[in-house]
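The data below hold one chain only, encoded as structure tokens and taken in the form predicted on its own.
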Amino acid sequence: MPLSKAPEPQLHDQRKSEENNHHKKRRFSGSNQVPPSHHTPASKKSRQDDSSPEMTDSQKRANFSALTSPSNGLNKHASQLVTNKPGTTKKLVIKNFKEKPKLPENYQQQTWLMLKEAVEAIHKKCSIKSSLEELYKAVENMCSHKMSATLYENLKTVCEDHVRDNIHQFLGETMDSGQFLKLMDTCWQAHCEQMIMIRSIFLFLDRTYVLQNSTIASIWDMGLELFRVYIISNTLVQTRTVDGLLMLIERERNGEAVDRLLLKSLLRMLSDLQIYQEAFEVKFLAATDRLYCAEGQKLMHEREVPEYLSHVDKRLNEETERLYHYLDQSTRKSLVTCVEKNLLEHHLTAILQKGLDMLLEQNRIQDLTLMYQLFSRVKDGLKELYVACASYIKKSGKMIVINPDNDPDKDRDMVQSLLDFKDRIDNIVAVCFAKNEKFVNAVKEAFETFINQRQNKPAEFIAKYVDSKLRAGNKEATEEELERLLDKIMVLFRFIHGKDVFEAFYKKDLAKRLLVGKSASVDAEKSMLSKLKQECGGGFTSKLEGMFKDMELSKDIMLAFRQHTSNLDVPGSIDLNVNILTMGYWPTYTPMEVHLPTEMVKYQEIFTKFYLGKHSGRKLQWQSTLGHCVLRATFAGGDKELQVSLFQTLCLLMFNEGHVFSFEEIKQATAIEDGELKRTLQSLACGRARVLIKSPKSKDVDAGDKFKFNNEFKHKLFRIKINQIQMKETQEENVSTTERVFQDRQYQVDAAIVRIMKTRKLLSHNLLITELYNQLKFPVKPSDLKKRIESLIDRDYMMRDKDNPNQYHYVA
């Protein structure tokens, strides 16, 4: 490029060339070809202005438009010469100088002295004599004339001397840690500002020479390297800096307020100097490890689990905040892992043993949520947590189910307690444990384990609980609430292994509800039936569905019977309603022969004749224990209707023939069994509605007691239901139901053994037992299986191997 101090002869030649180019340019000013412009000295320009005539505005505009032609190459102001005579335009050729401009002597030394003076002024924070533009131009000129290497080395030497001189201020022993850190920060900030200023002056050097030489550091990196070598690599300086930083962080961890901006600046300095990891991070993590190791052991003994978990969460948040404010992000993983390891991972078992049961028992939702969140951060934390939760569920559930004292109140409340317990645990899993699949499965496994530790009883009580909710008079819940309750009961039902026990008791209670008309809602009954069918299949509910069909068929039969009797002479003013029950569907009832009034016997014979006339080959067996009646009774205070059982009816009808009867007389007249008769008379003479008066007065009925009709009986209702006194869930009834279940199970075991042996032909004892456990859906002891095998051997369904007694052969 031409310099302002070029020799005079060269300038004269240049002016001649410029003149020629100028005349050519004026001559073809209308053309859309614009010759490149050259730098023209001011003296020549004024001479041209004097010699050329003044240009009009239109000429100026034409020249201007020629210089700014449209981008598509068309020009609205093209001259006639170009338009009419194409090809006559001459080409302009621009030639280089004949001789290359030479630099003045000692140019390099003078220029460097100027630049050095500027650099030293920056180091001393003084004003720079030369302008920044002049300095930048000087660097550019030196680089253009291959002085880059020398310039770079000179600059490095000046900077090196300055940085080396700065070390002395840090070697004094009088400063405390805080003053030292502030001085270090001040020195670092000043160094950075100086290097930025120097780089801006030497930017041309940085972008040409440095970029072209990969082995040479940029000016900024050179400055960092000098600071690293001469300042921070000094053992004393580095130690005092790092120890001071660690002391500040320790004070902050102890609750003191510290200068976070100072920390941030110095840690960024270490990071920029690329000694953050080796100089600071290793010591910082070691100090952190020592602090939290001691803190974790101390606080685990001193604090309760909720307080300890809150402290751990607080510490983790504090360290995350430090990472955000001043620590390098590369430290995040190591730092957080260190805190989690010392405050959580090393104390998982202790935390769970010390506080989990209490948190679950007291339903501490917030604390359990925090525990889940913290445990999810460490390895095997959630596994330890769900195993401990399952252990708590098994322990607490076992206390609900097992009743070593045979406390009837505890058994009565068992199902409601299980439902409440399940609701509480489900809420904890949903809210605190984020419905984690492993926790859901652990809860299922725990419930299934403890609920089957007491065989048969949970199934029985669940059936009775369903009965209490589906029975008429249960005004506790709306239909929607009842439906939700049935869904919850089905969850418990799924955990039970002995579902056949549930079926037996449920069938018995369903029969009572249907026959006595105590069912609260047919829709609720059918909803429960569909749930059982969906859970266990059609085979499980086929008998229960048959019971509903019998009730519907009975209604049709009674319609036909009433039409049949409308033309007959029916005895008395009796209205008879009969339910026809298929014996295979309904529970087994023990028939009881009693003495019925003549009118009732005659009515029964009419119905029997009618039914057998329509269904030949069938046998009817009347079940007096299930009958109930509505009697019209006349008292001094007016008439009443009494809703009573058949046995109560037989006792009350005797008082149409007399006023006082003894226990023996009633027994002889009705032929009701002793225990049943005592409960019947007790309900009539000792209950709430005392239509009979007993003497002597007492709560229990004994032989020799006398009974008199209570003519003065009063009640606010017209129709009064007098409930039969129930035995406390008659032991015989329970035993008979359970025995029937066991009998059915024996048949199922026998069928399974024969089915397996028929397929395998030859099988060892252990394999047969294993196969049976896979097929049977109810719990059974190995000793019971062995008895069934022996029974089948005795009945020639199978035989032992002569050489190996543990081998069985199927006998076709």
Partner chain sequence: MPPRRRRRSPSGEDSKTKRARVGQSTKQHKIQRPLAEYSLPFNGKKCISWFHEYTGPDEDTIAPEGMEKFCEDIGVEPENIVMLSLAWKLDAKNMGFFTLAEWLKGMSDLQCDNVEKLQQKLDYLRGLLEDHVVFKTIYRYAFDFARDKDQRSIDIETAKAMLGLLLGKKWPMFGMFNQFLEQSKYKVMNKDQWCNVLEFSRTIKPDLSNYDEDGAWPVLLDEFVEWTREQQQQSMG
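The shown structure was predicted, so the numbers you read here are calculated from the model rather than taken from an experiment. Positions refer to the first chain, counted from 1.
What follows is about the form predicted in complex with its partner chain, which we do not show.
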Since the partner isn't included here, can you check whether its partner chain sits close to all of K667, D674 and D700 in the model of the complex (heavy atom within 4.5 Å for each)? no
Give a yes/no on whether K758 approaches its partner chain to within 4.5 Å in the model of the complex, heavy atoms considered. no
Is there any non-hydrogen atom of T770 lying within 4.5 Å of its partner chain in the model of the complex? no
Quick one: is N766 in contact with its partner chain in the model of the complex, heavy atoms, 4.5 Å cut-off? yes
Though only this chain appears here, would N774 touch its partner chain in the model of the complex if you measure heavy atom gaps against 4.5 Å? no
